[in-house]
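A lone chain, given as structure tokens: the form predicted on its own.
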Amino acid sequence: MKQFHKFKLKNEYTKYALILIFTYIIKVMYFNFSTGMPLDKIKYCIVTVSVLVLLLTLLYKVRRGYIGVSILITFIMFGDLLYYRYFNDFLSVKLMNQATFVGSVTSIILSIVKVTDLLLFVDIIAFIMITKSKGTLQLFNHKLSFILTLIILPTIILSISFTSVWTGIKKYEFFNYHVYDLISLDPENNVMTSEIHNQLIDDMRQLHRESTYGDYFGIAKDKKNVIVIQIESLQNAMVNAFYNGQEITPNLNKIINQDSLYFSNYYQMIGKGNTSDAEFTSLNSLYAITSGNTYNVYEKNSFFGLPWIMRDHGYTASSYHGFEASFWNRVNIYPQIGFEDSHFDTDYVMGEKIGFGLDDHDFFEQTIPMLKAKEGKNFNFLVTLSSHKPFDLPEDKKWITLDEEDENFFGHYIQSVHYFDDALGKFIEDLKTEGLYEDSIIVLYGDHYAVGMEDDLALERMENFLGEPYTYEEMFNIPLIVHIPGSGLKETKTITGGQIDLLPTLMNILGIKNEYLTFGRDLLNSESGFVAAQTFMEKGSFIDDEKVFQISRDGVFENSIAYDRDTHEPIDIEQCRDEYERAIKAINLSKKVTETDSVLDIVNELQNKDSVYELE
């Protein structure tokens, strides 16, 4: 009888073990499918579940230890899931310094969390319920634990060691990804080899030969004020567009149609720093990194981008942003990239807060006196906020009448853009009233996308609005407008360009010879356009004037897709190999420059100077 009871008990514990393993499968499969794993979801599941079973096997007697490890793994997995929904990638240890921003973006996090995400915690809940009723969970004896370990460990080791067997496992299987992420924390190679250095110098000089003293050179050289406005979440789809007969951006449209150059095929080029990367790339013509946010990781680097260049040519350089100085580490990085003075939330009277920070109306209105107080030639960089996710405008500031089916994220985005546009119109009028307008050049561009691929309803409504499929190309498309009062210009430029091209393009317009380190090109004097992507679409992907190439997420060129930009018809990917290699080369070279803090050395050589420019 005693033996029968013992046999029954063992079967009971085996049942509980199987229940837990089943919850692992649910947890991991939910994670894999929710993050849109591109390949081998089942194979990746086998590896991840194997690791979880191994942990259970090794820690089955230590209830608190097991729960602690499980909770840690689950929260990392939950963080990966939320980050993937927003950035189409997993978290990295190098991104952990962004954890301090969580309090500021709580509303955004809540907007992408789903009730079904509780499935990630199903194994923990099951373990607690079982052990609470049964005490210490003797799922395995020592012999069985040893046997399971011998079976599972080789599975894990093989998956990590022989990655060619399961292509992409290093990047997409949960444990493999984070193991390799930790390994990548080894000190970076901070040496610029002579070969790479010479390659950079040759590339820069070739770019300079192609776009120096060309069309439009110096058309705004006599303007006293250069005002660059980075607009939060402004996608090009909103420009010159109507919603049920209502003009979404009437003031932007008015600017485009008078004294302006409008670049309609202009694209975001952010890394993992979102808005801060849009700033970094636009101001410095360098690619942002993807292993962290550039403003934090390289806060002590010496850069020589637009603020320094403008100062080099007699301008003062100032920045304006109605949010916390510490956010994105602006307080430390802005002096490094050349701003002499920066104005943040403490310099403004904080009225009604909209979404992320200071209301755009208040921001523009209070910035006007600061601009007017400056003497001489001035470069001013403004960053707006009101059209930031989750686009929750007060009811009295929603001026577009929406259809009922658009009373959601998508419709709220339209309202936010319309509200920003109204604030911009008032800002232009104030510039005129204060006598600043005629002597200014005003540059406007979007920082990054608003409607991503993570919200099915918003995606559906965007496609309904566009009347065509919503692709990454459309998602990345932001406007660039260069407004030069009195110029008589009214031109739309269709050349493909990105934020990395802003600096050389603006230098040409201001009559500044390009003898600096710029990975972008002057869009007004280039025969063709090219944008290399590295976020959402993996590194090696690109958009040019004719086609879109998206490298396969396993990194294998032959598994990639390419299509005609106008017709969206598939094209032979072999037509894309040269540009694919060009994209990777450019990003890698830029990364090396940033890693080795070599900007000033290269600028020095390009200018044939004997000493490196001294930062103040």
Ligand code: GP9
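Residue numbers run from 1 along the displayed sequence. Values in this document were obtained by computation on a predicted structure and should not be read as measured data.
The following text describes the form predicted in complex with the ligand, which does not appear among the structures shown.
> Tell me the stretch among 236-244, 284-292, 319-327, 471-479 that has any heavy atom within 4.5 angstroms of the ligand in the predicted bound form.
Among the candidates, contact is made by 319-327.
> Please tell me which of Leu261, Leu385, Leu120, Met462 lies within 4.5 Å of the ligand in the predicted bound form, judged by heavy atoms.
Looking at Leu261, Leu385, Leu120, Met462 one by one, just Leu385 meets the 4.5 Å heavy-atom criterion.
> Though the ligand is not shown, can you say which of Thr275, Thr249, Ser92, Asn265 has a heavy atom within 4.5 Å of it in the predicted bound form?
Partner contact (heavy atom, 4.5 Å) among the options: Thr275.
> With the partner left out here, check for me: in the predicted bound form, does some heavy atom of Asp360 sit within 4.5 Å of the ligand?
Although the ligand is absent here, Asp360 would stay clear of it in the predicted bound form, with no heavy atoms inside 4.5 Å.
> Would His448 count as a contact of the ligand in the predicted bound form, using a 4.5 angstroms cut-off between non-hydrogen atoms?
Residue-level check for His448: yes, a contact with the ligand.
> Although the partner isn't part of this model, could you tell me whether Asp421 comes within 4.5 Å of the ligand in the predicted bound form, counting any heavy atom of the residue?
Asp421 lies outside the contact set for the ligand.
> So, Phe356 and the ligand: in the predicted bound form, are they within 4.5 Å at any heavy atom pair?
Yes.
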